[in-house]
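First, one chain by itself in structure tokens, the form predicted alone.
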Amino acid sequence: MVEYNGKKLTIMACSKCNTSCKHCYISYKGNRTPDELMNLVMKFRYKYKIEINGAEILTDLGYIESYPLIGQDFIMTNGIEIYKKPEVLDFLISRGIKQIFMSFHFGIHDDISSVEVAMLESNIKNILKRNLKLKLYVTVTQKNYQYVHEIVEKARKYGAVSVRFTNFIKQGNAIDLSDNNILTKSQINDFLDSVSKERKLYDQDVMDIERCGSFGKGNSSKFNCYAINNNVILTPDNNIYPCLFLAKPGYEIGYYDGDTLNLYNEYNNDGNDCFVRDYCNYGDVKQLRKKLEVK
């Protein structure tokens, strides 16, 4: 047993959500109370860089009270609660939130998401009206990977200042979707080349184009996966996982005992590529922990 000594800790506040999307990769269960979340934040905020995530964080506004303690000025949300009560945005602003991240899966949205486009468009208007920054998350599959330029242009027209592309990972609800959604390694390289070209068209402060590490290294010499070495996931049941995509019973690498973040073994991720993509989409995920254990 060794203590986790990386730089970052991602705390998942809850597994509850107010919808169920076909592509959702969330696989853990359980919900913390707002007080439990705050106690964790207070305990670890000087030891690790903490980030708070959902599943859907706005199912309990009490969670937001912990955000100012770590200086987190953004939330990730499906936007349903904002659509029901736009005044939620005013509450978020009062707690230091400056950025709203929502999913808008251009080209495939209606195929995988339970959140209607009209609902998102209404939210976007209310978000921009309050001078909040908008980032749109886009899942990439074989159906839309060739349309990077078109997606960025649509995001700009909506008023987004950032787009983050996320690879389709066959985990959680997404296990039930067709393998035809999975990008081949050749398609990933083509996609990443398109992202690189698109970045050259915009100043970063005008349109920040990001891509999730789940695409892997591709042709990038700067790629580095931080999972395990410098970021772990703590779920509401106090289990520790190597990555959010693998926060699933059976893939625990440690646990929180009320005092310390304990890892069962020494683990090392060489960071050269996305091990989650390789195992979930292309390989045998059962061999994952064995591969990461330090010999």
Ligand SMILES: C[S@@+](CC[C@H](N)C(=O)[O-])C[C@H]1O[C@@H](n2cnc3c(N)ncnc32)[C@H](O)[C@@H]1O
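What you are looking at is a predicted structure, and each value in this text was computed from that prediction instead of being measured. When you see a residue number, it is the position in the sequence shown, counting from 1.
Here the subject shifts to the form predicted in complex with the ligand, a form of this protein not shown in this document.
Colleague: So which of Ser122, Gln72, Ser196, Thr166 gets a non-hydrogen atom within 4.5 Å of the ligand in the predicted bound form?
Modeller: Spelling it out, the residue with a heavy atom inside the cut-off is Thr166.
Colleague: Which among 154 to 162, 220 to 228, 167 to 175, 185 to 193 is in contact with the ligand in the predicted bound form, heavy atoms within 4.5 angstroms?
Modeller: Single hit among the candidates: 167 to 175.
Colleague: Look up in the predicted bound form whether Gly54 has a non-hydrogen atom within 4.5 angstroms of the ligand, and give yes or no.
Modeller: Looking in the predicted bound form, residue contacts with the ligand include Gly54, since a heavy atom lies within 4.5 Å.
Colleague: Taking the ligand as it sits in the predicted bound form, is Asn144 in contact with it (heavy atom to heavy atom, 4.5 Å or less)?
Modeller: Flag for Asn144 set to no.
Colleague: Can you work out whether Arg211 and the ligand are in contact in the predicted bound form, taking contact to mean some heavy atom pair no more than 4.5 Å apart?
Modeller: No, Arg211 is distant from the partner.
Colleague: Can Ile26 be called a contact residue for the ligand in the predicted bound form at 4.5 Å between heavy atoms?
Modeller: Ile26: yes, in contact with the ligand in the predicted bound form.
Colleague: So in the predicted bound form, are Tyr4, Tyr48 and Thr235 all sitting within 4.5 Å of the ligand, heavy atoms only?
Modeller: No, the candidate spot makes no contact with the ligand.
Colleague: Using the arrangement in the predicted bound form, list in sequence order the residues of 78 to 117 with any heavy atom within 4.5 angstroms of the ligand.
Modeller: Going through 78 to 117 in order - heavy atoms within 4.5 Å of the ligand in the predicted bound form - the hits are Asn78, Ser103, His105.
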